[in-house]
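Presented as structure tokens, the chain that follows is alone, the form predicted on its own.
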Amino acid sequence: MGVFTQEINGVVITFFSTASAVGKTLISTNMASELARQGKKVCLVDFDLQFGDVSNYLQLLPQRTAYDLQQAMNLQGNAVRAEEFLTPYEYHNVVFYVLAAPAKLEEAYNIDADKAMDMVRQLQKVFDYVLVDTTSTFSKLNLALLDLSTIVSFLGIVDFIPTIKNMKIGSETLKKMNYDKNKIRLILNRSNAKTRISIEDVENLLGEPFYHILPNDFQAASRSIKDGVPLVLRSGGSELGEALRDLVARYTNRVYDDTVDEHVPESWLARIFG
């Protein structure tokens, strides 16, 4: 029996926020990279359907997107293999796969939420981890993703009062959904950006502490995007890169080990498209 004839039922981690420009794509691409560096089979799904930036951040030129996968599903039904519509990201011996957002705005409008969820469920059967980058709205698709997810990374920044207001509304809405308390994890990005608003005040407003806090490092983040190399894969390191590695270590209950990548198996890569 082939490896991918068995259902894996992979972990789904959704990156969600009620504010824009909080770093969902930067964090999701880095988490995908670090999990892949540890030898996990990882797929990153870009469901910021209209304005997704995953391919831009990783300097990918996808030949197929989520829209193409939906078209194939409409024609072929369950016979479609979602993994055939993915784009690989490779850096040295680290590899993970991306389901790209539609290339055209009109294609994004025509993505059906139920079909999109079917895509995620299919990918769960192939990958250890399915990471999903989303838009900053409580849309039908996002609500379905929140239900399906193993973990929801709810991201925020402490910069302006309207952003914090949206974060509080989002946090309260998620609490009303009665998820397990370990499912929703509040993550603060750009924590040491210049602002007069204290983290403690925001935590008091939200009624709980942040699960993880990421530092502000605009230069490192910008260089990473320009080069198409996630921070966790860069030599030399940075404070933000270390904090992102620590976040993955907390999610996987393991201590960061910079020798892991020496043991990344190569054989499973070919099997995905075999």
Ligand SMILES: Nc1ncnc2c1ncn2[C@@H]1O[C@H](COP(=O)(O)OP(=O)(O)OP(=O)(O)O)[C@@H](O)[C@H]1O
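Source: prediction; values computed, not measured. For every residue, the number given is its place in the sequence shown, counted from 1.
Not pictured, yet referred to below: the form predicted in complex with this ligand.
The stretch in contact with this ligand in the predicted bound form, judged by heavy atoms within 4.5 Å, is 214-222, chosen from 214-222, 34-42, 245-253, 63-71. Relative to this ligand in the predicted bound form, residues 21, 26 and 57 are all within 4.5 Å by at least one heavy atom. Residue 159 is the only one of 159, 118, 203, 107 with a heavy atom lying within 4.5 Å of this ligand in the predicted bound form. Just one of 189, 124, 153, 149 comes within 4.5 Å of this ligand in the predicted bound form, counting any heavy atom, and that one is 189. Taking non-hydrogen atoms only, residue 136 approaches this ligand to within 4.5 angstroms in the predicted bound form. This ligand in the predicted bound form comes within 4.5 Å of no heavy atom belonging to residue 49.
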